[in-house]
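What follows is one chain in structure tokens, specifically the form predicted alone.
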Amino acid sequence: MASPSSFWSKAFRDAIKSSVFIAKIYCFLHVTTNHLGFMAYAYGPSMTPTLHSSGNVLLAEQITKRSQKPSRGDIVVIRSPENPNKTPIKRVIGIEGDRISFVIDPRKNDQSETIVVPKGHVFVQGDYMHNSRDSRNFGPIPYGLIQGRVLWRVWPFQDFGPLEPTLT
């Protein structure tokens, strides 16, 4: 019969192995979601017809935001300048130095405004401009608020695949 001390010794070793395994999983998930990529959820009509208003699960990457600036047509996840708890998904319409003319509120009238996108900023807009809160409302977005660039639609499954940058 095994001694009680060998039982506790084995239990302690097993607990340490399990703890190390859980720590490795946590580290992997932390590095992946904070430095490589993450899943984003988009819902609402602002990106119709590119994204379904009933909801989409998207794969966004964070690598290129460290090595290159966003391009016109990229779909990006941003930290909302109005509510930091929200991460809307919009399309980059203008990059620094671009002169952008836009209709302020297309639902009410056709009054337009022209701005030059400042250095270190992008102008973002929803594909369905009649129902989107974007740079027309809160101005150009600093690069620091860009969380990632959307690469793939994961759900709904019938539309699974890459989302290519385009200007609508």
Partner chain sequence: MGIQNLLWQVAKKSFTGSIIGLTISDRCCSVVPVRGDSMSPTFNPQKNSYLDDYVLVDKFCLKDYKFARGDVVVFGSPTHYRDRYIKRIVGMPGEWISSSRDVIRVPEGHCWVEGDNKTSSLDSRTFGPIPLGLIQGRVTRVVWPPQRLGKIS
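Residue numbers count along the first chain shown, from 1. The model shown is predicted, which means the values in this text are computed figures rather than measured ones.
Here the subject shifts to the form predicted in complex with the partner chain, a form of this protein not shown in this document.
Enquirer: Which one of these stretches, 48-56, 102-110, 30-38, 126-134, sits within 4.5 Å of the partner chain in the model of the complex when only heavy atoms are counted?
Expert: Contact criterion met by 30-38 only.
Enquirer: Give a yes or no on whether each residue among Y43, G97 and R153 has a heavy atom within 4.5 Å of the partner chain in the model of the complex.
Expert: No, the candidate spot makes no contact with the partner chain.
Enquirer: Tell me, yes or no, whether P84 is in contact with the partner chain in the model of the complex, where a contact means a heavy atom of each within 4.5 Å.
Expert: Flag for P84 set to yes.
Enquirer: Given that the partner chain is not shown alongside this chain, does R13 nevertheless sit within 4.5 Å of it in the model of the complex, heavy atom to heavy atom?
Expert: Heavy-atom contact with the partner chain at 4.5 Å: absent for R13.
Enquirer: Although the partner isn't part of this model, could you tell me whether K24 comes within 4.5 Å of the partner chain in the model of the complex, counting any heavy atom of the residue?
Expert: Yes - in the model of the complex, heavy atoms of K24 and the partner chain come within 4.5 Å of each other.
Enquirer: Would R79 show up as a contact with the partner chain in the model of the complex if we use heavy atoms at 4.5 Å?
Expert: Because a heavy atom of R79 falls inside 4.5 Å of the partner chain in the model of the complex, the answer is yes.
Enquirer: Even though the chain is shown alone, can you say which residues of 140-154 have a heavy atom within 4.5 Å of the partner chain in the model of the complex?
Expert: If the 4.5 Å heavy-atom criterion is applied to the partner chain in the model of the complex, 140-154 yields P142, Y143, G144, L145.
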